[in-house]
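One chain follows as structure tokens, the form predicted alone.
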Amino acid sequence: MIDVLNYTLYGDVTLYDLVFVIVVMFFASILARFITANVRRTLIDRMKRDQLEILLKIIYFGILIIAFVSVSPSIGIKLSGLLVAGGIAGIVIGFASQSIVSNLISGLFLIWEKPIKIGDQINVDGVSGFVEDIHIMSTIVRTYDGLYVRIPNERVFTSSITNYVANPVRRFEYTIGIRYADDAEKAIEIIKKIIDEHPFALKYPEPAVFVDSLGESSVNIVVKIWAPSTEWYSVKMDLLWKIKKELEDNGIEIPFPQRVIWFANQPEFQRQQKD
């Protein structure tokens, strides 16, 4: 048996060398299938099917190529010259496609980490809107003005991401000024009642209504309310209008800025100057 394995096929290559290469490639194929199966199971809900299939093929054939390059000298294939040429070409291509590779890697990290998903409202590097799609190379955001913006994934991954709906609840607040002549306690009572009656104003976390400061022309009441993130904007606009109308209906008004002006030719002013 040993003599058979030592049989020379060509040059310095023996039957043992050929069998060794076949066994290595067989186990490399099994390893590649195992890794791609686990990657598929992990990313099947995070990537589009066509993008996932491309990634799996890259991983599968990449493992096979690495295994073949490792054992090729055993069957007399000298890849040193080819590797040198490939290395030089790889460096040139690498510099030329640096941003592409960076976007690709960033896209994989975004899909893996999943800080955003389709439908989320986000702000990335000054671009705000809804996430329409997440590709391997870029992320598509539809702004609140209806514009579609393509953001390279490298920019998304390296920027601070504000996700407005990642948390199920979100707080908003108003500062409402009333006249000094108005009853602040009554105003607070009215505002609390309106909040309690709104179906999307949350009871927990509890809303807060209190006098925050005494301004030049008004007593300033701060109102802090929590609402579901998906209904946040509509609740904010709805409650603001209802609070305004209800305060007005109860004789509580939001004052205009007021100033007291003294004229030099008035008798009272002249008398104060003499005193």
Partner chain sequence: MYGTFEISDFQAEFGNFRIKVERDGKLYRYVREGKERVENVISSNSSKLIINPVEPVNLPKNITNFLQIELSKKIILEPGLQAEVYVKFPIEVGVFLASKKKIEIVDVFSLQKPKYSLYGSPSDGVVCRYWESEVFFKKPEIDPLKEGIIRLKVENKADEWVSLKSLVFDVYGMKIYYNSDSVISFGEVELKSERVGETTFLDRKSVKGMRKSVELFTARKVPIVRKSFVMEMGL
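Residue numbers count along the first chain shown, from 1. For clarity, every value in this text was computed on a predicted model and none was experimentally measured.
Omitted here: the form predicted in complex with its partner chain. The next part is about that form.
> Which listed residue (136, 116, 176, 195) meets the criterion of a heavy atom within 4.5 Å of its partner chain in the predicted bound form?
Looking at 136, 116, 176, 195 one by one, just 195 meets the 4.5 Å heavy-atom criterion.
> Going by heavy atom distances of 4.5 angstroms or less, which of 148, 112, 204, 144 would be at the interface with its partner chain in the predicted bound form?
So the residue touching its partner chain in the predicted bound form, by this definition, is 204.
> Could you confirm whether residue 232 comes within 4.5 Å of its partner chain in the predicted bound form, counting heavy atoms only?
Flag for residue 232 set to no.
> So in the predicted bound form, does residue 180 come within 4.5 Å of its partner chain, heavy atom to heavy atom?
It does not: once its partner chain is placed as it appears in the predicted bound form, residue 180 has no heavy atom within 4.5 Å of it.
> Closest heavy atom of residue 169 to its partner chain in the predicted bound form, within 4.5 Å or not?
Judged by the heavy-atom cut-off of 4.5 Å, residue 169 is in contact with its partner chain in the predicted bound form.
> Can you tell me whether residue 126 touches its partner chain? I mean in the predicted bound form, with a 4.5 angstroms heavy atom cut-off.
It does not: once its partner chain is placed as it appears in the predicted bound form, residue 126 has no heavy atom within 4.5 Å of it.
> Quick one: find which of 244 to 252, 32 to 40, 57 to 65, 220 to 228 has residues within 4.5 Å of its partner chain in the predicted bound form by heavy atom distance.
Going through the listed ranges, the match is 220 to 228.
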